[in-house]
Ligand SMILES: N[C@@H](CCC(=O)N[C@@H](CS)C(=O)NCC(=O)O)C(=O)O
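Before any questions on binding or motion, here is one chain by itself as structure tokens, the form predicted alone.
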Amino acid sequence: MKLIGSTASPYVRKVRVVMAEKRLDYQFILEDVWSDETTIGHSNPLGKVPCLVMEGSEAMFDSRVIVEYLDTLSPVGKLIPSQGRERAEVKTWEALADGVMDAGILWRMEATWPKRADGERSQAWIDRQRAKVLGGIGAMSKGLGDKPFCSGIHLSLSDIAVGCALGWVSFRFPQIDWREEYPNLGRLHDKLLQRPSFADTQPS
């Protein structure tokens, strides 16, 4: 398998962490989708990463689709329950974490995209996305409470998604001091960073 992505993307990191936890072998191909020379459209018509290219050139895209598939490839470290409320809970955590990242990227692009003049930027839009990021982090803290992991007592995709979201927020928005406001999230993030899957994939 070949994973096309970047070291800065939190969605790509989520896939890389899952692959490491599942002990799956793959080739990581760096791609800058914002470059005029990008070739990502050959594999993903939406022009986004991550994109998983399997033997025979078949491509799979969207991090949620990819991690769902990867979890079925090996019985090692099952990350997504197969059915019922437990499965719905994990997928809801993933949706929350992805939503924080979605809003954060919209915020950052509105504020920094070089092809938009300063006078064309919308502060109201930036404020709206910022509120979603902060609200999502608050919801993560409330949902985690004093539990050791987001969904029960073992690592799951819930924790991977939340850890990738928090790591990316710290990377792109260091002014957001979520550790100070939500120490339970800080403890979870520190615990995740002790795992090689997280330590080896920090955004850069």
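Position 1 is the first residue in the sequence shown; the rest follow in order. Quick caveat, the model's predicted, so the values are computed rather than measured.
Another form, the form predicted together with the ligand, is not on view; read the next lines as being about it.
Asks: Mind telling me which stretch in 151-159, 131-139, 175-183, 58-66 gets its heavy atoms within 4.5 Å of the ligand in the predicted bound form?
Replies: Contact criterion met by 58-66 only.
Asks: Of L96, I105, A111, I80, which residue is found within 4.5 angstroms of the ligand in the predicted bound form when only non-hydrogen atoms are counted?
Replies: After the contact test, the surviving option is I105.
Asks: Of V33, L144, V169, V53, which one comes within 4.5 Å of the ligand in the predicted bound form, counting heavy atoms only?
Replies: By the 4.5 Å criterion, the partner-contacting residue is V33.
Asks: Answer with yes or no whether V49 is in contact with the ligand in the predicted bound form, where contact means some heavy atom within 4.5 Å.
Replies: Result yes; V49 sits at the interface with the ligand in the predicted bound form.
Asks: Going by the ligand in the predicted bound form, which residues of 166-183 come within 4.5 Å of it through any heavy atom?
Replies: Stretch hits: zero.
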